[in-house]
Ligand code: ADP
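Given as structure tokens, the chain that follows is alone and in the form predicted on its own.
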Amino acid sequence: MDILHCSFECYPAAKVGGLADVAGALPKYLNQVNLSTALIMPKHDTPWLNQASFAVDYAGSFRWYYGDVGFRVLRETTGTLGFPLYVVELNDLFLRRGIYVRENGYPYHDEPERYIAFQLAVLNWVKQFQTKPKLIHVHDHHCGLIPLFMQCGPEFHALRSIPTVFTIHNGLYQGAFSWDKKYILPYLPSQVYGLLDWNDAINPMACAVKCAQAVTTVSKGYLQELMQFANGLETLFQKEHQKCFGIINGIDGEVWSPERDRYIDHLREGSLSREFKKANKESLCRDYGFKFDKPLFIFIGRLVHEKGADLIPDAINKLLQQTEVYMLLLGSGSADIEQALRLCSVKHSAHVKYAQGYNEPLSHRMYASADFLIMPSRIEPCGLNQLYAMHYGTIPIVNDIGGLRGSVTDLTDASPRGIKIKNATVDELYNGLKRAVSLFQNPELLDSISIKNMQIDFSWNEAIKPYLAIYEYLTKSKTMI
């Protein structure tokens, strides 16, 4: 293979957030331009992975602090994903109901051990290849120590010359752990400990930024923000800025397609965008008892502070005191926010419905049906929801940060795509919702923006081009492209 991707999640095998969507799409579209690309991830306890068909590719072990640890690497056999998918089978650490957290919402006590074990298994698998990958692309802090291990770990000397790319999907989560747990690392010469350290802790994200040959983030706007707000890593990003690139994600057109989406009630035929939106909205409103001729707002995502989900109940309460609208909310996360949404849906039972958890089919129906998507994120490195929304003709209401800044233009712009708010506050979100209601009352402008958004090319065919340029530069090989 030319490129090996390493990720802790990947759609459709195991998904928590946008990392999975990128990991499940980027390798596929790289293969479509004849760049041999595979991905490896842990074998989690998810319905897709439990039902998939696998063959054993490798069985081995690695030396760890308490002795030899046996593991297997399995290859998915159907080939339907568009790229070879490999999984590391290490049941004690990965075969759990939650990918990152337990069912009660609390993280596992052995997070560093899980991530280190995965990385050691991957490298022990790769080092026995007769033909090594030309480049290894690692995603987020869960895989962030791979570049250091390859360059400085004596047992991985055979991989030292392979370049690495590190992609940051969310700089808020860095995987830092105490030096008291240094024993879970493989042997490393003491002179490289400085590469591991940031603020007196072992910080995998900081280490990857130092050691990878190239660092990418998922939008230019987010890269700029990391220079100023990076949870303590600001000076590191400033220092390493020359090897950092902001590349906005694409949409997987085989999964998100108004013309072919298997989850939605009515497919778009030709240029019939208005009819497509109308038919899907009528179906969804009928299922939830909503009035079709009123604005329909949706929220899809994790119910956490960084997504601005805590603002939604109060903003809804204020809006419903002034006008008649309908809200469908899908997600899970903070117990406090979940409870606030439940109370809101009880108080406004005819107008607000809350569906807890993640529901892939319902999310597709919501994008195809709604008039507006609520996205008041405080942190949004790239954002895929606003891209999905626009692709399906739903107008996004977004906070002007990160990847939202570059992908959504405001109603005041010469070529508007959505509605922007200036800060993640209840009042700002409320004002954004009021602007949306006013836009809904101008159906010609509403339809014009919706239809133009559906014509924008958000595909991975464009998004992969900067990655191809980085890969070519690092490998110095014209034969890859």
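Just so it is clear, the model here is predicted, and its values are computed rather than measured. Numbering starts at 1 and follows the sequence shown.
Missing here is the form predicted in complex with the ligand; even so, the following discussion is about that form.
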task: May I ask you to check whether His142 falls inside a 4.5 Å heavy atom distance of the ligand in the model of the complex?
output: no
task: Decide whether Gly357 counts as a contact residue for the ligand in the model of the complex under a heavy atom distance cut-off of 4.5 Å.
output: yes
query: Does Ser363 reach the ligand in the model of the complex, with heavy atoms at most 4.5 Å apart?
result: yes
- request: Would you check, heavy atoms only and a 4.5 Å threshold, whether Leu284 touches the ligand in the model of the complex?
  value: no
statement: If we test each of Tyr388, Trp125, Phe94, Trp198 for a heavy atom within 4.5 Å of the ligand in the model of the complex, the one that passes is Tyr388
- request: Name the residue from Tyr367, Phe118, Phe71, Phe166 that puts a heavy atom within 4.5 Å of the ligand in the model of the complex.
  value: Tyr367
- line: Per contact check vs the ligand in the model of the complex (non-hydrogen atom within 4.5 angstroms), the hit among 202 to 210, 131 to 139, 300 to 308, 344 to 352 is 300 to 308
message: Could you pull out the residues of 3 to 20 that have any heavy atom within 4.5 Å of the ligand in the model of the complex?
response: Lys15, Val16, Gly17, Gly18, Leu19
